[in-house]
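Coming up, as structure tokens: structure 1 and structure 2, two forms of one and the same protein chain.
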Structure 1
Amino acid sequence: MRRVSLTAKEKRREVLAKLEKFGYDLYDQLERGILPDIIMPSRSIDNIYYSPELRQYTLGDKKIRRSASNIRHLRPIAQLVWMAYFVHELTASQKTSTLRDVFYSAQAYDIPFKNQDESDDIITDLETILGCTREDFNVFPEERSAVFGDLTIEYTIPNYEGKRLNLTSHPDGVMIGPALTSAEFIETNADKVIAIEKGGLFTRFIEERVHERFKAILVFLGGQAPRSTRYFIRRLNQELGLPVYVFTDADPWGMHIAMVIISGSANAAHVKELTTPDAKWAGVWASDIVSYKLPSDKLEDIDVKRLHELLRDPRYKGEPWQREINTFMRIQKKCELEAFSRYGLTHIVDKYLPQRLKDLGE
């Protein structure tokens, strides 16, 4: 049993302080009788770089300046200040919201957004300025994924504060929502994290007691993982020191689901702490299709096109990426996680999983 340090409260205090400072800077400029401006990193394509050290995309040194003296900037600045105020209220009162919800809330304050894209954009600006994610200031996505395994957490949200829960309590897993994201990790017996792209396999793993047999915390990704899930996986890795294994379909899209957990996306270049650089893509690989003689489909044109793109992507420089991309190209085949069922429902858990974990240095 390991005790884990408390961090969620500290994190909240830090975010609130950043928001207050942002407000104060503008307030101070107005008090001195000048039209305020805001300087922030540019998120344009030419300022997004892949950083081999961080093993993720990151923003370069280019800054942009938004000034209230510029008529075109007035509105976005007002929107930004309101947004900061709104999420400050959310965070301080430990309430949560969604992107859609924020868009509608603006109307109550007579802050006009043309559409949700515009308000989403302002949230991204705020992330860029503060250097933290929207989950940090309690704006969560609609999509939810789930987690199951021997991890005891303690809620920090109002009404549940201090309550503890072991994440094996519910056989369907526990939803990774705002409450879980901000919960403290108390203790765990697990020694690894297994993240799975598809719901069917996630349930199979629980039924086959993978969490006990392999001492694993199981995470259901639900396709391309939401940011709160990526953040949660990172916490499991960083705070608990658990290695992370990602299982996806054997195709370029599944491969990329794993990659976004490991190295992040270009869209999120302005935020850090979303990636888990040490996570490993554990399968299903293209080479598995050959060695396990898995039922497969032919690659479609769009798959091949995607493979060519990935080949040029700096995140895919090392192994197993290059090897697997080339194998895909050679065999021109793809398959799904469920393909192992050809050998019986438990084959994937009894044979494939232990072998793969062993291969990866378990």
Structure 2
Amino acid sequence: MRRVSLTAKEKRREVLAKLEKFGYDLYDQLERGILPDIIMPSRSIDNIYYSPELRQYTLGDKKIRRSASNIRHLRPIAQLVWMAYFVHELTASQKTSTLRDVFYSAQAYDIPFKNQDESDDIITDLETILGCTREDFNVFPEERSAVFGDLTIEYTIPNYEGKRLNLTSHPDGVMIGPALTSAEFIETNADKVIAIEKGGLFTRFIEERVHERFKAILVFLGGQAPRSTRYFIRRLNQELGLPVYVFTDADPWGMHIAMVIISGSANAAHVKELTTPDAKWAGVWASDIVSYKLPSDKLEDIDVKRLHELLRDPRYKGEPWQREINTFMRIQKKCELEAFSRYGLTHIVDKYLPQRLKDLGE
């Protein structure tokens, strides 16, 4: 993902330089008759901690060493070297690839991965070694998020440089992919971002003109938001100064979707510039199930187990997290965003949304 302080060309040169240095260092060891060593930050659980200063999970100082002198390390080292070569070619040619493409591309070079999880893990290793992200290498997951609202962007990718687009141009929203996350923000009349877990409600908000009525940029998260979407939300917040409100189902999994946007995840503890620490979980809350008498389901054992895990997570120590976890425990119920349709299709926009934004100081 491109840092705003660098142009696209500068960022590409920086990434290529890091990849080439990685290769030169390995080559230099071989030239000196040394079996190569690779030192990288440990991503083990005991080296991941929550930083109150950064307001996100981050890696500690522990390192691990992979050495070609250890037969068990030869396979991951070979995979890592190939991965660096492959993403160097992608970056240099300004082409993109999906995580799935990378997995299959390795087979053409006789670099087998047992499954895509192993391939993804090697990409993550390369991220930690170089201090880059897979998006810097032009590797992206399948797109499933979208955005809609009065924001004019200007593309920076090859063949589209200088072309502008307003994000109200497509009635289904614009997919959040590589071209959009790297685009420049030109102009907006919006004064907030509303991020929505579910596609049905995203469509309802567009139909009900929420972007105009509430001067909002609407972001469809697609469940747990992809990293590119979290980065895009961060940019909207930091570059444009727009407050962010996250709407999810009223269950422990919805709470966590909001928290990952706010403070990141343990899996991405090695990545900065993904979090929006001042974003607010706007609901649906457990207390809303009671206040609005919403249709609900009983919490399952796995939901209760997850709530106990959240209670032990330092990120959930404040409000409204503690209050809502305790309410979930007390009422033993959960519900979906769509539950407001009990009162009519537009109730969530006409009544709930303005009241919740008011409650949160909007």
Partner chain sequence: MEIISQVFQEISPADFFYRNREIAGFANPARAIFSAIRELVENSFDATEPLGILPDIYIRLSSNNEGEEGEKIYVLRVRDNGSGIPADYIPLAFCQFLFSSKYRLKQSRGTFGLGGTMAILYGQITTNKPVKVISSTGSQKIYEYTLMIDIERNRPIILDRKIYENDARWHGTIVELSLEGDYAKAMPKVLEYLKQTAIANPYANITFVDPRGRLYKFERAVSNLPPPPKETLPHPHGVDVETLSRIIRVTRCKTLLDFMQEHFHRVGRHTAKRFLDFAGFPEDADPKKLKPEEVVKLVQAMKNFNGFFPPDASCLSPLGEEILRAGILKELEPEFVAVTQRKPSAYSGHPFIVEVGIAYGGKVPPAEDVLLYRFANKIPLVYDESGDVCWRIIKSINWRKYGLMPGMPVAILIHICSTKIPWKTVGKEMIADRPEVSREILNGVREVARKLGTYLSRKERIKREKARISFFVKYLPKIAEFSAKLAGKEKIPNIEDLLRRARRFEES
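FYI, numbering is relative to structure 1, first residue = 1. Please read these numbers as outputs of a predicted model, since none were measured by experiment. Rigid core here is just the name for the largest C-alpha set that superposes within 1.5 Å across the two forms.
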query = Between structure 1 and structure 2, which should be identified as the form predicted in complex with its partner chain?
reply = 1
key: Core-aligned C-alpha movement of residue 308 between structure 1 and structure 2 reaching 2 Å   = no
message = Could you check, with the core superposed, whether the Cα atom of residue 19 shifts 2 Å or more between structure 1 and structure 2?
response = yes
request  = Could you check whether the CA atom of residue 327 moves 2 Å or more between structure 1 and structure 2, using the rigid core for the fit?
outcome  = no
task = Mind pulling the C-alpha shift for residue 85 between structure 1 and structure 2, with the rigid core superposed, in Å?
result = 4.6
request  = Keeping the rigid core fixed, work out how far the Cα of residue 119 travels between structure 1 and structure 2, to one decimal in Å.
outcome  = 3.3
